[in-house]
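Below sits a lone chain in structure tokens, taken as the form predicted alone.
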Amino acid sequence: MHSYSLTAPAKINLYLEILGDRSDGYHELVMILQSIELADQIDIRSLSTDDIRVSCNHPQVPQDETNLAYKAAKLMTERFPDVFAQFGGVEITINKQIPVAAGLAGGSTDAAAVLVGIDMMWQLGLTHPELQELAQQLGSDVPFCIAGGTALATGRGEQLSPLPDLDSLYVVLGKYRSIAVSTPWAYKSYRSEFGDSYIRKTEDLESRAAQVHSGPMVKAIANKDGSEIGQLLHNDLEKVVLPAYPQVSQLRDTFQNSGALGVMMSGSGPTVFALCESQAQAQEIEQQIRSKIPDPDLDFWVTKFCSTGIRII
């Protein structure tokens, strides 16, 4: 086939702990990542020229070489030049449903979809580990987005251990359209404020990551215990983002009093989510928050956990 359409799900963090600094300038992290059904659609097709073209229905998404989807296609042309010469360039169309600059890996999942789509279009037959090795070169979230589901992520987020699927829980997401949080700023601020508490020894970093792997949150996931998962949600970046963004902090507090299983900011924000046991509860909480914060700048999405990453439509 010379064209494919793919679904590219967003992700939320159920757990994010910053352990210390890495020699490459990134942070050593332990995270639990979860795919959700809120997704972009990526259409990819062959061109008769050597061009890479990107178009998107969202005005804030770049359509040039700075777009992560473009970078994914460029990486494939560089890694497989003979196949590129045979098949030609690619046209990538992004139907953006995931909010932009929201801490939901929207750009990363689009890039993951491009890697999977080109692999199929060029008949490369790459395995998931091979695709994830390529994905590491594009960003910390891209390897997870390929397989999706529920996973423990260590290192800077690229070392993945699958966890039992959680596909029965719902979430309400809330995000102010006009607020964007810089991920580099969030991590730099955290280092500045809490760097003296960082773990310094490699063996201690490995021990802490192992503790999380065998700890209460992973057990709650294995037991599919939504109430316990809700109680154990954790995100170190809330310590710097919430004081700097009062509206996000207020949104979190309002969600906290809504009767949800648990509430947290996802990644570096500014999206806040409430964990719910059913679609009905999620919709009820959405209406409750809308009435308490009637701000036209505040958008909501009700969606469900999903057990897969990139899928062909």
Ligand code: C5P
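Because the structure is predicted, anything quoted here is derived from the model rather than measured. The first residue of the shown sequence is 1; numbering continues from there.
Beyond the structure shown, there is the form predicted together with the ligand, which is absent from this document and is the topic of what follows.
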| query | finding |
| --- | --- |
| Non-hydrogen atom contact S140 with the ligand in the predicted complex at 4.5 angstroms | yes |
| Contact test in the predicted complex: R156 vs the ligand, heavy atoms, 4.5 Å | yes |
| N95, heavy atom within 4.5 angstroms of the ligand in the predicted complex | no |
| Y187: touches the ligand in the predicted complex, heavy atom cutoff 4.5 angstroms | yes |
| One stretch from 238 to 246, 177 to 185, 144 to 152, 211 to 219 that, in the predicted complex, holds residues within 4.5 Å of the ligand by heavy atom | 177 to 185 |
| Residue among L29, I42, A282, V263 with a heavy atom within 4.5 Å of the ligand in the predicted complex | L29 |
